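In the block that follows, a single chain appears as structure tokens, in the form predicted on its own.
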């Protein structure tokens, strides 16, 4: 990786308005490639039941990327990459691109990740048709470089046309994406960087990057990624706006510092330090090339740059685990309802809004659906069925008089007559998707993998079922292999 910043970085000047300076957008799809069910192996399964295993998977994913292989979104990521998973009737990525399309000064969008190019080919084709004002391209990393390392690696492409600013969005974020408001703050403050922030409970704050800011000026004074003790309940939402004149030299400095001290790696907590022993010495060289915005760049920018935070009062949530897709689905559907989207089903005595029903899906008139339900293409919901706070993926069947609550029914899934598939409701302000039952940590959302079948009159509660399984008896609080 070259350490030279190209001479084409433009000189930043106040443009006096939002629309005059050139801006580009980058959506980070830097998630591990999905694998086939045949490749799936057992060691990931205990991560649903033991907290230490979950935290270990998180640290591997954020620091290195590849080795974790997207375990937290399984079993859904066994069949589709997380950025393309449908939430509120559209892929997660679509919501990001929709938000970007509403910024008048953005005409180019780059997605950076290390999936194969073919994974996003159809999405880019469809999105380019739907958003003709945007040029959408995918830049593939052939090794994990981290959120900042990928930006620097592709700096020539990103700086083509001499843009003055660049939005960076993590694809696994669910929010209203107030990009125009961030851009206004950027211009008003003559900023070099703006980060999107939100308030969470004090108990949850240390699981995110924490921001200390001046309440009056909104300038970022201090930034710590996942601190061990409480410093602030204002957290990093994973959406950024940078001056190109500031971000690339900052990444260059971080690369030089890493090169000069190749063995000095910071870990946000003692648990993550333990997970470092999973790496062999031969992994060190690849790991040292990983430069992350959150751990390696933002703290320094808070000390030395014109770095500001835009605090959103609107909804925000990470889409990390498979179960987190259900609350994200609800948030996006509520947003669509508020904006009076024509895509939502018309309210009736048996349709409690907001509900998304694909035009090719068939729902019997006596089935009661909603609120916060998405039903995918070619699915069928039988007479007298009840579905609430759930996602029904394409080609699925929910038979008559069955009940699906707080659950995800995978592609081609079958729920038998009078069957009951249910998870547990969690508080709207909670960022967790797991609960403790009888001393065991389980998923609050029930998830049926691809082509799972639940027999007639069978009850499935707080379970995760791997693909192609048939459930003929009642099960609760289990992982069905």
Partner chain sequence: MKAIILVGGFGTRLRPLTLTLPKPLVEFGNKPMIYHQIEALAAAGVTDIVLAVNYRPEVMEKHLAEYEEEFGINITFSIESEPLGTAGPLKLAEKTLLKDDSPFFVLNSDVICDYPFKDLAAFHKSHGDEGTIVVTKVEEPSKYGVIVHKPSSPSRIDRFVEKPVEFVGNRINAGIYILNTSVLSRIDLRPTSIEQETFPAIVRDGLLHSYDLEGFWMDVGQPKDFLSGTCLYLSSLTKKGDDSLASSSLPYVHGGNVLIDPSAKIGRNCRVGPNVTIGPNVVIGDGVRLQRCVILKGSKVKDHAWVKSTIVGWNSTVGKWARLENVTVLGDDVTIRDEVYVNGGSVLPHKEIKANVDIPSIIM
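Fair warning: this is a prediction, and the values are worked out from it, not measured in the lab. Numbering follows the first chain given and starts at 1.
Beyond the structure shown, there is the form predicted together with its partner chain, which is absent from this document and is the topic of what follows.
Trainee: Residue-level question: is residue 469 within 4.5 Å of its partner chain in the predicted bound form, judged on heavy atoms?
Mentor: Residue-level check for residue 469: no, no contact with its partner chain.
Trainee: Can you check whether residue 403 is within 4.5 Å of its partner chain in the predicted bound form, heavy atom basis?
Mentor: Within the cut-off, so yes.
Trainee: Applying a 4.5 Å heavy atom distance criterion, does residue 388 contact its partner chain in the predicted bound form?
Mentor: Close contact exists here: in the predicted bound form, residue 388 approaches its partner chain to within 4.5 Å, heavy atoms only.
Trainee: Taking heavy atoms only, is residue 437 within 4.5 angstroms of its partner chain in the predicted bound form?
Mentor: Judged by the heavy-atom cut-off of 4.5 Å, residue 437 is in contact with its partner chain in the predicted bound form.
Trainee: With the partner left out here, if you bring back its partner chain in the predicted bound form, are 196, 238 and 305 all within 4.5 Å of it by some heavy atom?
Mentor: Result no, not one residue of the spot touches its partner chain.
Trainee: I need to confirm a contact call. Of 442, 419, 27, 453, which residue comes within 4.5 Å of its partner chain in the predicted bound form, counting heavy atoms only?
Mentor: Contact with its partner chain in the predicted bound form is made by 419 alone.
Trainee: If you check 384, 377, 347, 227 against its partner chain in the predicted bound form, which one has a heavy atom within 4.5 Å?
Mentor: Among 384, 377, 347, 227, a heavy atom within 4.5 Å of its partner chain in the predicted bound form occurs only for 384.
Trainee: Name the stretch: of 215-223, 115-123, 395-403, 163-171, exactly one has residues whose heavy atoms fall within 4.5 Å of its partner chain in the predicted bound form.
Mentor: It is the stretch 395-403.
Trainee: Though the partner is not shown here, which residues of 132-159 have a heavy atom within 4.5 Å of its partner chain in the predicted bound form?
Mentor: Result: empty, none.
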